[in-house]
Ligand SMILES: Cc1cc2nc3c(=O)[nH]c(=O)nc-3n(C[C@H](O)[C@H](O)[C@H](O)COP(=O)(O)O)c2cc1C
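Take a look at this single chain in structure tokens; it is the form predicted on its own.
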């Protein structure tokens, strides 16, 4: 296992160096070229090419850039970043150090969720062991709770002003970020994988994967499985492989949520033998996102589960624009009424119309992600939504098991 240690607890610096050897000293241009050739995509959710992101910051830096290692992980169904930081903190630090060299940064900030106490403790201890490497240019910033606090402009905004809400773009962080300086905001799993590619080369990463997919990554498998948790998979592994890695499904499964709350619901039978990787999932209208795979038990109503998620996402609004404050709240309210089988006469028609009108109109991407989830639900649970509009439920309903705050 590359990203998760087999033994519990944090890997020590001695064990880390025995396993992987010293930090490589590739010149900036060569390292960025290796990342570009590897095809590594960001693992925070957006899936942006990592090498291209590093190059964009390097081209604007004159020695005063900033690296912000993003471990906020505000997605309720994801555990991968906190698990990685708690188990292999030195691999994350290696990635941050390499990034700092590549983009000529003199400041590294590890932005870690305040609730991820084991991850914070492991990173704090690891940073103390690496004081010679870091030369005082690194610190931990505690990310506040909340779904939007890990969005990259929100992370920069918090470091600059103590306010973890997204800001208007442009400028993007790579143009003007922490302290007005070019800032590389990179998910911690992306940094860990970059540290492995720096040691082993792009061919190693390209040699992993199944079918047309390349590379490896972490997924969080939950819901109707026997052993929920974080699993390391080669991309191109199927949905069935992910379920098997979690001990197999437990009972009948009604649907699967892929990519987290900004991903979407999918038919589990249709997806079972198809690959989990960003490119092929995008072609199927899905998203790998932050690697969430949640199996909905067959006895749990998809409309109720979606209503709970929409209510949560509306509560997580940054409250900076009308579409999010009023539009998302209205959609969540109508979806709640549908979930409770007490709708107004035209609630189903309303959420279909409103969700189409909301996309692209918010001050940030929060409403876009929320309505994309709703639209996927209205497709996968179409008969269920129609029944709920008639105050009926097609499922033997029990309290939804989708984790929300």
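Residue numbers count along the first chain shown, from 1. Worth saying up front: this structure is predicted, and the values here are computed from it rather than measured.
Unshown form predicted together with the ligand; subsequent notes refer to it.
is_contact(residue 174, the ligand) in the model of the complex, heavy atom dist at most 4.5 Å: Contact check for residue 174: no, nothing within 4.5 Å of the ligand in the model of the complex.
Non-hydrogen atom contact residue 217 with the ligand in the model of the complex at 4.5 angstroms: No - in the model of the complex, heavy atoms of residue 217 and the ligand never come within 4.5 Å of each other.
Close approach of residue 110 to the ligand in the model of the complex, 4.5 Å, heavy atom: So residue 110 does not count as contacting the ligand.
Touches the ligand in the model of the complex: residue 182 (any heavy atom, 4.5 Å): Residue-level check for residue 182: no, no contact with the ligand.
All of 261, 306 and 384 with a heavy atom within 4.5 Å of the ligand in the model of the complex: No, the candidate spot makes no contact with the ligand.
Among 208-216, 253-261, 73-81, 94-102, the region lying within 4.5 Å of the ligand in the model of the complex by heavy atom distance: It is the stretch 73-81.
Listed residue that, although the ligand is not shown, lies within 4.5 Å of it in the model of the complex (heavy atoms), from 302, 223, 89, 150: Checked against the cut-off, the match is 150.
The ligand in the model of the complex - contacting residues of 352-382, heavy atom within 4.5 Å: Going through 352-382 in order - heavy atoms within 4.5 Å of the ligand in the model of the complex - the hits are 365, 366.
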